[in-house]
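Listed next as structure tokens is one chain, alone, in the form predicted alone.
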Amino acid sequence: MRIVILGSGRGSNAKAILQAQREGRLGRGEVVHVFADKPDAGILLLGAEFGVPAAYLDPAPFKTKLEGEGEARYIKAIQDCAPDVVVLAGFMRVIKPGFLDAFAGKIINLHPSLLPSFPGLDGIGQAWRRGVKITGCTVHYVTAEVDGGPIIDQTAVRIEAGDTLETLTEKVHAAEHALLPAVLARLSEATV
């Protein structure tokens, strides 16, 4: 199963996937390329560390969505990789119909809440401010509805009395780093 990862930031979830691949925990999955929408994104450094091609792709003309010329560049570059799965691992752009159609049923996203609760930006902060006792993370298929696609799997994280927003964030990230590679391994074996 050929995997392409898209990210915007430091790449901690991409690193978890690549580490799982290195350790033989990614089933039949293989990361074939990493792309970032920011030229200085930390995720790009993972290419050299893990021996996987990594490149910046210009998303212009828009700052928060992938549409127009930028979308066309992404579609072409990703299609050239012949992916079975496109993973949005901290890719901070709204995906539009052209991209969704080009990779229909192949795009998955990791979101830091137990969807359908707390979709959109800052899922961890939303849960924290609401005062829930259990939050977590979700891997789901991407559809036109932001964080609204079919859920593949979830991990719950309990918010303890002594937690701070920072400790909760660490706990959710740890859950993400376990869940996403496990989901990809199961997808590679077609056992989801």
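Only a predicted model underlies this, so the values are computations on that prediction, with no experimental measurement involved. Counting begins at 1, following the sequence as shown.
We do not show the form predicted in complex with ligand GAR, though everything after this point is about it.
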item: 4.5 angstroms heavy atom contact with ligand GAR in the predicted complex for G90; value: yes
item: P97, heavy atom within 4.5 angstroms of ligand GAR in the predicted complex; value: no
item: is_contact(R22, ligand GAR) in the predicted complex, heavy atom dist at most 4.5 Å; value: no
item: Partner proximity in the predicted complex: V86 to ligand GAR, non-hydrogen atom cutoff 4.5 Å; value: no
item: In the predicted complex, the residue from L110, L114, I107, I78 that sits within 4.5 Å of ligand GAR by heavy atoms; value: L110
item: Residues of 167-181 having any heavy atom within 4.5 Å of ligand GAR in the predicted complex, listed in sequence order; value: H173, E176
